[in-house]
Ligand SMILES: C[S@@+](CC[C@H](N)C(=O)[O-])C[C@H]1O[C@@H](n2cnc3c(N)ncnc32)[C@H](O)[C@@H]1O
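The data below hold one chain only, encoded as structure tokens and taken in the form predicted alone.
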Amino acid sequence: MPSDVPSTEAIKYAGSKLKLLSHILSLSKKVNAATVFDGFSGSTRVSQAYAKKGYRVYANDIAVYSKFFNTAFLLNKQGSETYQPIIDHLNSLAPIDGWFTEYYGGDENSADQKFPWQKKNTRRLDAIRDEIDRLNLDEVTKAVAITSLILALDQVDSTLGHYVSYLNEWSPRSYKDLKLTVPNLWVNQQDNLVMNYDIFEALNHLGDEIDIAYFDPPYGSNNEKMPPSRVRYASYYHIWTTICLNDRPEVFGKARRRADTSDTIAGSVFEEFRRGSSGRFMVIEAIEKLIREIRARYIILSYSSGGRATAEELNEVLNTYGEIIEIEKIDYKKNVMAGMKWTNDWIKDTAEKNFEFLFLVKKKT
């Protein structure tokens, strides 16, 4: 990571923008900006980076775990040492057999069913999560405690980084003991705002002072054999939602997913693989609505060449509602970036996978 990119902390996350932070911040420096709206903050790495750079950040995501992470990192106004006593207390609790152990804890020799954690760690999870509620903490302190718990669990899981399936054999890290540490917090000088809305509802809570809107929608895959109705973010990280809410939901399937993450219920329009009544992909219609309705001077849009939205359609949308100032193309396979002057040549590159494009767009007034 380049030295001018601040350190961030997050869980393992599909589509993480960790490797793109330097490019996103570089594009942002090209305009005179003080406020940023991160509409799909996900793992919150982008929001964290912007906040550490001194921008006032409006961070939004419909996922509740994203809200907790953003609350811990973006709303904290105290030194990290303030939270050490509570973390020490949570680490000292005696393990108990509870709901999480019943559904997500496995014995070292349990070969009949796969689990995300060994029981020694879910017993700690059960004790810690119930204690957090019992302590009746203020909003930021509770978010810090739960963020610490999730980050610690992420270090001892037996998964490939998501929770729709678990490994056949225990991962080496799953044998480690769960131990909470204070997250890498900082004292925020800006009054940041954290939201937990559907993206179009979030637009209603913004003023007219947004300089940059950063959008990284969960684009639907263009792989017909694996429609994204099977790979939704709500499904991938259902367990983090349950840990945040501690609501002991109804679960189903071998992965014990939350019932409210079933394919017929959960999912964003940006993950759709179907066409709408207009004949266009629904994801393109959603992107067009988003670009049209956002009140911001500039937009930075992430786009993957493997996305459902075709390059030609995206090109038309961006030029209808804005002026493309600059494009950066990142080759994930070679881990290199190439700056591009605005031509239609970028469209040809989307025939190949593993490219990520960043568009800096000046919104038309």
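What you are looking at is a predicted structure, and each value in this text was computed from that prediction instead of being measured. One-based numbering along the sequence shown.
A second form of this protein, the form predicted in complex with the ligand, is not displayed here; the remarks below concern that form.
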Discussion item. Considering non-hydrogen atoms and a 4.5 Å limit, which listed residue (Trp117, Tyr166, Phe100, Tyr214) is close to the ligand in the predicted complex?
Written reply: Tyr214
Worksheet entry | Contact assignment for the ligand in the predicted complex, among Val46, Ala296, Leu314, Ile300, heavy atom within 4.5 Å | Val46
Practice prompt. May I ask whether Gly15, Asp61 and Asp198 each come within 4.5 Å of the ligand in the predicted complex, counting any non-hydrogen atom?
Written response: yes
Fill in: is_contact(Phe40, the ligand) in the predicted complex, heavy atom dist at most 4.5 Å
yes
Worksheet item: With the cut-off set at 4.5 Å between non-hydrogen atoms, does Tyr104 touch the ligand in the predicted complex?
Response: no
Fill in: Option from 130-138, 198-206, 240-248, 144-152 whose residues, in the predicted complex, bring a heavy atom within 4.5 Å of the ligand
198-206
